[in-house]
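We begin with a single chain expressed as structure tokens, specifically the form predicted on its own.
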Amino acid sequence: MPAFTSDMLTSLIPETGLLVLATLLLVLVLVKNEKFYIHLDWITAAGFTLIAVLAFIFGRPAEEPRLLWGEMIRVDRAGYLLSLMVLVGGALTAVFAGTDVTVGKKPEFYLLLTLASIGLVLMGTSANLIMLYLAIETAAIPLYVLAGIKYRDAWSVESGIKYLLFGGFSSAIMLYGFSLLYGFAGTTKIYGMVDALRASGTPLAAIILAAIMVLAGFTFKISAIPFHFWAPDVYQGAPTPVAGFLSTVSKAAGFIALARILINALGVESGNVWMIILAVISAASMFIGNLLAIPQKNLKRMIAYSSIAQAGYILIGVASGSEFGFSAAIYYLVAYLVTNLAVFAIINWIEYETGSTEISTFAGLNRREPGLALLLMIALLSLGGIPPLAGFFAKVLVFGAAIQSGMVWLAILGIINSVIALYYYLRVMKVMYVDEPAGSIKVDKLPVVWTVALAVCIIGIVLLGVVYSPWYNFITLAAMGL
């Protein structure tokens, strides 16, 4: 058997491409030429887009999932879909970051964004606990720096330090859980671990303890209860494009990795102990996120609490423990990616114009820039689950999965929380359309590339809600690959 096969090489197209792009950005950093710096946003975005195209053409997985590279990497549709989400999310983030006055011309920002993306792609394809932990840290360390990259801003420095401390603490707990699973199963291979645990005769209480430690680490990655408390401070202090990337791409990678662990290491079944724990985490995340979002006066902080609630909605699908539930959760992740990136892009532009992200800053936005106000309203309505937008169909799917698995109570709690969330989303829209403008600020002409990137997000929101059949069929195949 040859040492290297074509499958082994094509399976790493996203990672290899991102590594080449990171090398190019590093060279541009060393050149220190201002002419390159003003185009770093679209250079990075073009690189991400090119890699996505190459992955789409040459890197599509076969119908049967395969374990490659010493069974460290699993090539399947779920990992493939996540890699495309990371690449698209990274490209959009790079474009939106170009309008940020503090990081838009910093080459190190785009370099760290690319390095973090390598780790996020590996998180979605890891088939071994060692590889998974290395991927998590590869993604986390650049993100810690990105959160505090505005070193002259006390809020940003504080967010970076908090993210680092809480992230290190949660990673330590997760790693200890991984070590317990290895000790009980005698293997670090994720696929087949559930059978090894059953054959080992390990008491269920010990396995539950290890699982809780692993879940604790993942709740930090997806900003769910109980390790959610970092999100509001980090989102508010970090550069707005970084907050958008954390709330979407990073969260998606965390959910895909969590799904692999649940299905193949712990063995999920509807109604078992893991699903009950996840259902409780889901309900708590929805209520705490939505209730604490209501009194917020800063829009980034409000969206941070909303992100905690959104993690709860996605966990409804995961907690169902069914193929339908995992398909619903992945569909929700795709819809949330384009929706929240659009929200943070508009917040970033208004922050660029006004220097503030307070909700009061958006007063009278419809009179100052009706187009932006309309697009922000569409994105917020999608987050609130209003038809016919992507958020509505995503919520219908996760609620339906819960009902199918007998968790009617969880679906009811999700519907109640959707109504609660509408209050603070509509409050922002009321400020934009009813309140008098705070001043005579005129929004400058939007850059063409930025406008195109935002249009991609808005079109995605509409298409995922209206023409959902082809997307859902592909995502169902991805869920089957898990």
Partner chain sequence: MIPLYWFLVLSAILFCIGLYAVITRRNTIAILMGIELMLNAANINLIAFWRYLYAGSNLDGVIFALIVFAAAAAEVAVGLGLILSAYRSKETIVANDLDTLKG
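Since this is a predicted model, take the numbers as computed values, not measurements. Positions refer to the first chain, counted from 1.
In what follows, reference is made to the form predicted in complex with its partner chain, a form of this protein that is not presented.
Worksheet item: Applying a 4.5 Å heavy atom distance criterion, does Asp233 contact its partner chain in the model of the complex?
Response: So Asp233 counts as contacting its partner chain.
With a 4.5 Å heavy atom cut-off, would you call Ile212 a contact of its partner chain in the model of the complex? No.
Its partner chain contact at Val273 in the model of the complex, heavy atom, 4.5 Å:
Output for Val273 is no: heavy atoms all beyond 4.5 Å of its partner chain.
Interface membership of Thr102, its partner chain in the model of the complex, 4.5 Å heavy atom rule: No - in the model of the complex, heavy atoms of Thr102 and its partner chain never come within 4.5 Å of each other.
- Which of 355-363, 92-100, 256-264, 233-241 has heavy atoms within 4.5 Å of its partner chain in the model of the complex? Result for this chain: 233-241.
| query | Among Tyr191, Phe324, Phe287, Tyr176, which has any heavy atom within 4.5 Å of its partner chain in the model of the complex? | reply | It is Tyr176 that has a heavy atom within 4.5 Å of the partner.
**Asked** Here the chain is shown alone; which of Ile386, Ile277, Leu291, Leu134 has a heavy atom within 4.5 Å of its partner chain in the model of the complex?
**Response** Filtering the options by heavy-atom distance leaves Leu134.
Sequence-ordered list of residues in 453-469 near its partner chain in the model of the complex, where near means a heavy atom within 4.5 Å | Residues within 4.5 Å: none in this stretch.
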